[in-house]
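Let's start with one chain on its own, the form predicted alone, as C-alpha cells.
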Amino acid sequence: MKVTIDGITIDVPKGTTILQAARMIGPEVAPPTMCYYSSLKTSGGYCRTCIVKVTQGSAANPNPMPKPVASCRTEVMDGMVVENVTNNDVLEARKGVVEFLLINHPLDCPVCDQAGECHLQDLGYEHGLATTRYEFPRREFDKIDIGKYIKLHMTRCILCYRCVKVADQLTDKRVHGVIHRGDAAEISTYIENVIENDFSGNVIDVCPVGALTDKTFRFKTRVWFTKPVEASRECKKCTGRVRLWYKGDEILRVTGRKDQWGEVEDFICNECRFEKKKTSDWKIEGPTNVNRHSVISQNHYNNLNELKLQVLKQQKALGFIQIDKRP
C-alpha cells in the first residue's frame, strides 16, 4: 500500500500505522510521541502528541478525515495522504496538547534528573509556549519509594501508562498501576517498596519524564557531564547489552540501550542495572554514538575527523574563517 506523508510517498505493508510509516521515512516527518512504545503491546493513544491531519483517506475514498487523528493508532490505507509538519493546524493543535500536558507538570528541570534526556522537555521547546494560561493550583503528590531502587515523583507524571504496560508484559505480576480517576488519577502502589521483581528497573528507562528515577543515580550529576559507553556481559536473565554512564572512571548508572526514537532496544535485568557498577564487570564495546541535537553530545566525539568538523563549524560561525564568495 502507498501512503504519502508530507509530500513523501512510501510503500508499506498492510496493518502499518501512520506513525510507523512516518518513522520508515525518517525523523524529519515522524510525529513526536510520549506514550507510544513499539515493543509494548496496546501502547499509544493516550497523550495525543502524535496527531496528524489525513487530507485524503484513501484512493477509493479521497475525502479527508474531519479531525486530526492519533498516528500511532490509525492504520494506513492505500492512497492515503497525511500532513504533519507541513500543516499549520496540526502544529497549533500539538501546541495545545503540550500545554495540556504541562498544566500540572512542575517546571523543575534545574533539579530534575531527567533534564537533558527528557522527551517532554524537548517537546516543550519545539511545540510549547513560554507562558501558561492555567490559573489554578497544580496538583502535588509526596515522593514515595515504590521499590528498593526506584523513586516515584508522581507530581511529574503525565500518565503515559508505559510503566504499567512494562510491568504487565515484562514481569511475573504487576503490583502498581493507575488508581483513582479524573484529575485525581495517579500511578502508585498500595504498599511502599512493594516492587521487587528482576525487571522492575525498566520502568525507569521507559518513563519519558522524571517521574520514575534511579535512586542510585539521583542528584549525582547532570547527564551531559557523563560519558555514555556501549558494553555487554554474559547474563542468564537478560541479553546483557547495556549503556554505561561514566564520570571519570566511575560508572554512575547503567541503562538499556536506546534507539533513535528513545526506545529501549533490549530490556535489562536489575542485576545488570543496579549491581554491576565496576568496569571489570563489563566488556566495553565503544563510545555511544550520541545524536548531535542532544545536549548529551557536548564534548563527546567518536573520532578526530568529527572533532575537526565541529571546530571548523564553530570558527565559521564566529567569523574566524572567511568564506570566499568569488565566482
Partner chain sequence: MQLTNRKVVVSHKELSFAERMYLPAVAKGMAITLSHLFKKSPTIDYPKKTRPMSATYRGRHVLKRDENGAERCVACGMCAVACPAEAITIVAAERKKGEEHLYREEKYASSFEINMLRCIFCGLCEDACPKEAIFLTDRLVDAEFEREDFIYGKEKLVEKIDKRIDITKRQTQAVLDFKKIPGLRHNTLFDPKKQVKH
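Residue numbers count along the first chain shown, from 1. Because the structure is predicted, anything quoted here is derived from the model rather than measured.
Just so you know, the form predicted together with the partner chain exists too; it's not on screen, but the next bit is about it.
**Q** What is the one choice in 119, 156, 241, 176 with a heavy atom within 4.5 Å of the partner chain in the predicted complex?
**A** Of the listed residues, the single hit is 156.
**Q** Identify which of 151, 165, 257, 127 has a heavy atom within 4.5 Å of the partner chain in the predicted complex; exactly one of them does.
**A** Selected residue: 151.
**Q** Just to confirm the contact call: exactly one of 108-116, 84-92, 68-76, 201-209 touches the partner chain in the predicted complex at a 4.5 Å heavy atom cutoff, so which is it?
**A** Result of the contact check: 108-116.
**Q** With the cut-off set at 4.5 Å between non-hydrogen atoms, does residue 246 touch the partner chain in the predicted complex?
**A** Outside the cut-off, so no.
**Q** Report yes if any heavy atom of residue 172 sits within 4.5 Å of a heavy atom of the partner chain in the predicted complex; otherwise report no.
**A** No.
**Q** Could you tell me if residue 250 has a non-hydrogen atom within 4.5 Å of the partner chain in the predicted complex?
**A** No - in the predicted complex, heavy atoms of residue 250 and the partner chain never come within 4.5 Å of each other.
**Q** Going by a heavy atom distance of 4.5 Å, is residue 100 a contact of the partner chain in the predicted complex?
**A** Outside the cut-off, so no.
**Q** For the partner chain, considered in the predicted complex: do all three of 141, 186 and 222 come within 4.5 Å of it, counting heavy atoms only?
**A** Answer is yes for this spot.
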